[in-house]
Structures are given as C-alpha cells and as structure tokens.
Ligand code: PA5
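Below you'll find only one chain, the form predicted on its own, shown as structure tokens.
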C-alpha cells in the first residue's frame, strides 16, 4: 500500500483501546461498503470502481480528451460540488495551480458553473473569447441552478461563435444514463455523452467520467490515476488492524468521541489547496447530519501559520490535524550563501529548500502536539497520478467507514436542499409562490 498512516503524534490524546474497541464496528462498516448492505448502500458503486469501471467508456474519454487537446485552446468545465472539485483537485495537484500558465500543450482549463458571480463568469468569457474552445457540462439532472445558468450562457456563446452544428461537436455532456433535462438535451442535439453512474454520488465521482474527462484534457495520465486507485482498493479491502483506512477512521472517531469538534486537513504544497476543498465536501457532506460529525476545514502551511497559526497553537482546544505529506519533491533548490548575511540565514546555505520545508513541518507538528492538538499523518510517495489516485481512494474508503462509525447514512445529503428551495422561491420559480411570500415577509 503506497499510502502510509501514522498516529504516533496523536497517541497522547487517544485511549489505549481507540482501535481495538472499534474493530467490530469497522468490520461491519467494511462489509456494508463491500456488499452495499448498509444505509445508502445503493450509492456504493465507487467502492469497486477502480476495478469495475466501464472500459469502453474509458476509451471514449481518452479519445474525446485527445480530440479536445487538438482542436481547443480552452475547455470550459461546467459543474458544481462533486461535479467540479475532484477534477480541479487532481489537475492542480498533479500539474500545478498555475496550470493555464505552465502547460506546454493542450487547452487551458477553466471551471465555471460553481457559483453565481457575474464578475467571475465575465472573466472566463473574456479569457476564452479569442480562442478555440469547447465545453464539458457535468450535471446528473441538468437543472441545478448554478451549472444550468452557466451552460445556457456558454452554450449560447459557443453557438454564436461556431454556429449550431459546429458548436454541437464541441459540447461534451456528462450526465445521467437514462433521464433528466441534460440527458434529453444531449440526445436531441447530438452531444457526445458520458455517464454519471447511478451508484456513485457526486462527492465520490472523481474517478468516473465526471472527473476523468477534464483531468485527461489537462494531460494527466488517467490510466495511472486509476491504477493507483486500484492498488489502494485492493490493499484497503483487507480487514484488520493494519489497514490504514481503518486506523484513520477509528482515530478520528475516537478523537471526536473525546470532544474534538474540528478536523483540519493540512497541506504543505500550494498545489494541494483544491484537494483540501474536495476533501471538505467528501467528509462534510458524508458525515454532517443528525447533529453529528467533525467539522472539516483545511489550511496551507507554512503560509497559514502566519495567519491561523496563533489560533491553532493557543486557541480553544477543539481541533485535530490530519497532515498530508508527499515524500518526494519534483526538483531541488539550494539556498545560496550571502557574504553579508543580512538576514542571518547563512546557517542554511547549501541546504536544499525541501529539507528546510521538511524541518518546518516537523517543528510545526511537534509545536501543535505540545499545544494540545492531536496530529495524524498521511504520507503519499509524490504528486504523480498514481499516488494521487491512491490518495483519493484512501480518503473515500476511510470516509465511508467513518460514516458507518457515526451510525448515519454516509451517502445522502438531505440538508443541501434547504438553501435550494429558498433560492427557487425567492427567484420566482413556478410552484414556490407560497414559500416566496413567506420568505419575503421574513426578509422585509
């Protein structure tokens, strides 16, 4: 198993039986995930996905990505939540958060439909207006407000630029296999279609066409990505105390039971930022129900040590940290000697910057443990596609186990509908007239 997990810096905060007392519950959770017998079991299609994915569709994804890379200077990826975060996480972590500035071939990747900011949308429109571009619209229903609005706008622009027939060839729809507004439109217009599987919820969908098409368009090797996920799947399906996903699920549950309320995912690479955003949705939407669960947050160190560091070190003792570490950097930078030594840093001269970063991480970890913050450590070999595929699957599997430890349905999200219903009413959607009057009275 290429993903390593270490609890040694949480040991002072964990009871001696933190793992052994949860073995039966973990085995029960494992069985529910493996055979789909638990609450929400109809949405556990992701569990065996790295082995059982549709090979014919995978080949079509590769072909479509190659076509887009050849005929488009930009790809607008339209989706929200699980239809966007996983793809962006992988593109930035494997490549760079500055991908559009640094890639040497293929299209720039722009993400839209993940909010309702007119300014943000106008900026993307301005960036693509003089380029050849295509759309990948991702929505199971086709009626979610944010991506549906964005698709209306970008589809109209594409048809104005190329005409309806040529635009049709530049729109790729990832949607339900059989039903929904986007499925009906894609069938009618003849867009190339990819499937959001019925048995895979959005936050677990990054290794389906939902994530794989934009990831492949960004030049990431999706064969390697899936191979890493398959390796993790095989390793994590083995029950027992040595299973790192069992250890992670048990440790965070024990710390939650002991009174911790917040889990902070810590990364030391700027490219890790959107992986943290994906992780927050994964755990927040999976566990946050029935008045339960750790609140998922994320930080980027060392930058956030100069902003959030004071609170983490000495604020209310309500948090634990899960640090994600990558063993290998992609290059080296030696710190030069300065004859004047104005900054007093000549003691670092000749040392590699990666060495300095490693010591900063180790020093921070020990300081936070001394300050009362348990630290869990997840280590991946590097930022390559294979390692990232394994890291994705590790967190997905541990998240499913964690949900069953909390005795909730890990695969529904009923609370998400509350804001949508209010928004529909205030926007005047037909059928929401009574709700609209009620809400406007409250807001007046």
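The model shown is predicted, which means the values in this text are computed figures rather than measured ones. Positions refer to the first chain, counted from 1.
What follows is about the form predicted together with the named molecule, which we do not show.
Think of it this way: in the predicted bound form, the named molecule has a heavy atom of just one of 285, 321, 300, 108 within 4.5 Å, and the residue is 285. For the candidate set 141, 313, 96, 329, a heavy atom within 4.5 Å of the named molecule in the predicted bound form is found for exactly one residue, namely 141. Residues of just one listed stretch (202-210, 125-133, 289-297, 223-231) have heavy atoms within 4.5 Å of the named molecule in the predicted bound form: 202-210. Interface membership of residue 167, defined by any non-hydrogen atom within 4.5 Å of the named molecule in the predicted bound form, is ruled out. Contact check for residue 373: no non-hydrogen atom falls within 4.5 Å of the named molecule in the predicted bound form. The named molecule in the predicted bound form comes within 4.5 Å of a heavy atom belonging to residue 81. The named molecule is not drawn, but in the predicted bound form it has no heavy atom within 4.5 Å of residue 62. Heavy atoms closer than or equal to 4.5 Å to the named molecule in the predicted bound form belong, across 399-435, to the residues 413, 420, ordered by sequence position.
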